[in-house]
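One chain is shown next in structure tokens, namely the form predicted alone.
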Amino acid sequence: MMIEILIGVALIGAFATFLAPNRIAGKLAFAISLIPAGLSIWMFSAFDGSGNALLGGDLAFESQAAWITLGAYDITWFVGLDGSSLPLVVLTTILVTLAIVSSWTPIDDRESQFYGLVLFIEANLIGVFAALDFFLWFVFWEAVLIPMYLLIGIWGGPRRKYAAIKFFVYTNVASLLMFGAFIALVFGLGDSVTSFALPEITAAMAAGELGSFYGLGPTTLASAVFVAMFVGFAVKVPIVPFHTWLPDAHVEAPTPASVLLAGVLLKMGTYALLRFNFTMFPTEIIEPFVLPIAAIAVISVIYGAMLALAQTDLKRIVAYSSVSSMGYVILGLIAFTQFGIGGATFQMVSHGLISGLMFMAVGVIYNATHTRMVTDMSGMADRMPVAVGILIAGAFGYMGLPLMSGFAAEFYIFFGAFESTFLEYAPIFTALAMFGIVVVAGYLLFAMQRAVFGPYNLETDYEVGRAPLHDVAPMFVLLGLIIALGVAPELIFEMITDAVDPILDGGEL
């Protein structure tokens, strides 16, 4: 019942916050969010699952109940956690709590609605990472889109409506493509499955039960579904060439929404790729697409970094950095090794923390200066030493500084990719991806040099001083977690690899 409690508290809290007066909404939402955060940390400490949720593993906090019968198929309430999903649930609950605190300064209009939507997003994000019935998972997946659309469209910047509509259209069309493909897969499995439970469907795929569907043979059908689902999830990640919605969404979104978008919502796509494309499908279906996917991963790493290098808006720099970082995740997944897939999952958590920290820091600077352009400011370290210091620390985390989580994640991915026998020309792809680190260092150091060092100068007419405690406190928490996972990555990596190993059964461990 623990997962239901997490979701229930967030949902009830969302409705309670909607009804609360604006003057107390932020504090109420923070108090409510502490409950899922505390419970998820307890669940992490009490985790007793093993194996992979889709491959017969022992689930932690499992719950299953009949829900709807749809023709020949049963739709169930089926939730549970393994070593791949639990760290993302903990990441979600912690980031939501910190994002709420970071909202206290910039959000001063319709606060009850804003914080209610944030808690509603939290409930559905937990559902995405915990659901093991496809229909239930899809309900949670789609329910995340609407509140994020509203957060961008109501509280965003001057072009908020354009950015919100673009976000919704891209992600919703991708969801429809993915949904149609999966339903075709289920129909192709025929009588071998009687529900939308993901473990049952995965077992039927492994047993070779897939038949023909509207003239498509089993191999052709599986390949077509794999591609369609990959594209559907790639839009959410996003990776090149499906990334164009992301910079607009980040730039126009209020800072707390950017924190959740980069920190957790992008991980929905990479998590779904891991769960569906790289766990559910047999390796013989994946093999023909290995080289194209690896090429897309490397292009995303380098192209995203190059785009960031050309930006002068701090938010756009961090946004394009996310495209580059997600390219590393795709490379780790397609390497199909323990360190590759494990490192990719570790990178999901690491990037969630680092990107959340970076967007918070940029937001704090914007709150004081009312500009994000590196050409409009210099010497900010003199006026905002704490916020700028944390921003620099986050930038070093992005660059892969040792003893920070970014270094551990990238090391695992590069090690796993370099040694891969599943990926042809693996050393070449790995070397090309590693070049992205050089570009990352270039654009981040350039932005830091222009904006935070040198003599103080600000093109706007605002008085700049130290940021209030409630603005910097969430950043200190994130920085502490980034360092903790960098110093002791085994805190979550052992749990992750326990869920990864069954995927590689018969492959390279």
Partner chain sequence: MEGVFDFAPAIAVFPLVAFVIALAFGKHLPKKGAIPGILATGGSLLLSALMLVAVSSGEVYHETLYEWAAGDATSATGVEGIAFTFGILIDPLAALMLVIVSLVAFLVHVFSLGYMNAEGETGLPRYYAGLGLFTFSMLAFVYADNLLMAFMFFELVGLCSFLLIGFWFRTKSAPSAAKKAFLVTRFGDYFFLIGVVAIAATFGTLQFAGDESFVAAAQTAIDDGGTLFGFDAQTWVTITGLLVLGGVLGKSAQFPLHTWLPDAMEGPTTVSALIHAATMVAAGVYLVARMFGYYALSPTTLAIIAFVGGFTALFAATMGVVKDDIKQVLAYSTISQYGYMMLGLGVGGYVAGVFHLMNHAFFKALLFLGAGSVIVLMHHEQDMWKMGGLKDKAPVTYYTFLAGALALAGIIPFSGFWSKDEILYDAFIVGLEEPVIMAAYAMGLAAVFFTGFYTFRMVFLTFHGEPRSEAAEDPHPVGWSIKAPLIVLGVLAVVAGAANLAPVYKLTGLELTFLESWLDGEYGAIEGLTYGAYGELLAYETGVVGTEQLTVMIAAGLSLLLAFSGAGVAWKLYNVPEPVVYRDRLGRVGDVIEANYYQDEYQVWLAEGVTLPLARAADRFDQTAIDGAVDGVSTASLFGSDRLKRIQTGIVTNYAALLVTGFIVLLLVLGYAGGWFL
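Residue numbers count along the first chain shown, from 1. Given the structure is predicted, the values throughout are model-derived calculations rather than measurements.
The same protein also exists as the form predicted in complex with its partner chain; that form is not shown, yet it is the one meant from here on.
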Hey, of 200-208, 400-408, 90-98, 260-268, which bit sits against its partner chain in the predicted complex at 4.5 Å between non-hydrogen atoms? 400-408
What I'd like checked is whether Trp104, Glu111 and Phe233 together line its partner chain in the predicted complex, meaning each has a non-hydrogen atom within 4.5 Å of it. no
Answer key: of Phe422, Phe278, Phe289, Tyr303, within 4.5 Å of its partner chain in the predicted complex (heavy atoms) is Tyr303
Residue within 4.5 Å of its partner chain in the predicted complex by heavy atom, from Gln449, Ser63, Thr460, Ser50, is Gln449
Taking its partner chain as it sits in the predicted complex, is Gly465 near enough to touch it, meaning that at least one heavy atom pair lies within 4.5 angstroms? no
Can you tell me whether Ala295 touches its partner chain? I mean in the predicted complex, with a 4.5 angstroms heavy atom cut-off. no
Does the 4.5 Å heavy atom contact test between Phe129 and its partner chain in the predicted complex come out positive? no
In the predicted complex, Leu28 touching its partner chain (heavy atom, 4.5 Å): no
Residues from 405-429 in contact with its partner chain (non-hydrogen atom within 4.5 Å) in the predicted complex: Phe407, Ala408, Phe411, Tyr412, Phe414, Phe415, Phe418, Glu419, Pro427
